[in-house]
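Have a look below at one chain only, the form predicted alone, in structure tokens format.
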């Protein structure tokens, strides 16, 4: 808002004087302060995120990932990851808002030691065959465009069984959020590696049917019992949905990865979506509270975020800060485009802070979900 609006009655508008300066200094010596000196900054008229829209080019980052695989060993790095850092959130090592993201590479035949932490994590596979992860004893084999979760507090480790090609996947974590509330823990597995169960992909076999739920099996944890979501099943669901609906005017055909036991988000602090943009589709702009990291799973197009155009192609990553106007377009006239995304919506909804604003020619119209 303008300085005039900040000078209205009901907003802090105290003018500094020499006497007030001495008063502030005296409070400072007592580790105290006057609210009116910061009130307009900490209680803005609307969200003013420090994060800015960013697009990370996979073509530009990939050579550096390959260099990292040669320069640093997995054992020394713990996880060999190139972070995606937002210029406005460097102090948090965040990609946007309180969300962290990075690109992890594993060499052929390599495996990482098991560990766990309070932060929740997710993976979206970019390239390579032979990738696997073990989450609390459940060994999951994943390939390109597959999505997997590593919930808070679960033991997990990763590896690449390929004999000749690296595996690259995108990590997403709520590390900045957990660190901001001073609640993070980290632990290395006492045996360095887990003993996996006899059945590979047990959670997918038990809970992946979608339309059927196991009888007599209860699930009390707050994260999804299904730990991996294959691309083939995801894409088929999108195509089936597109046969019966045009989807949202703001996101095209969009679907959420869910906890099959509850129908809710996959984890308490982070959610994930996959959306399909039909050939030539251009969506309407909107904005909402909550931050989003997008990964181009398929196709090419562009997004306009707070008035800036970002052209993207397969495997590029970009972010939309909270309360930023954004719209997407599929630049192909013959092939669909798919955007994977993860967000902090579950956390925002838990605190009852979700709001959405639809762009119209007469200005925004705010509504909450």
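No experiment lies behind these values; they were computed from the predicted model shown. Numbering follows the first chain given and starts at 1.
Absent from the display: the form predicted together with 2,5-dihydroxybenzoic acid. The rest refers to it.
The closest non-hydrogen atom of residue 81 lies within 4.5 Å of 2,5-dihydroxybenzoic acid in the predicted bound form. Not displayed here, 2,5-dihydroxybenzoic acid is approached by residue 158 to within 4.5 Å at the level of heavy atoms in the predicted bound form.
Although the partner is absent here, residue 100 lies within 4.5 Å of 2,5-dihydroxybenzoic acid in the predicted bound form, judged by heavy atoms. Contact between residue 189 and 2,5-dihydroxybenzoic acid in the predicted bound form is not found at the 4.5 Å heavy atom cutoff. Of the candidate stretches 258-266, 134-142, 114-122, 194-202, only 114-122 has residues with heavy atoms within 4.5 Å of 2,5-dihydroxybenzoic acid in the predicted bound form. Of the residues 285, 254, 175, 296, just one reaches 2,5-dihydroxybenzoic acid in the predicted bound form with a heavy atom at 4.5 Å or closer; this is 175. Of the candidates 171, 127, 146, 110, 171 is the one whose heavy atoms come within 4.5 Å of 2,5-dihydroxybenzoic acid in the predicted bound form; the others do not.
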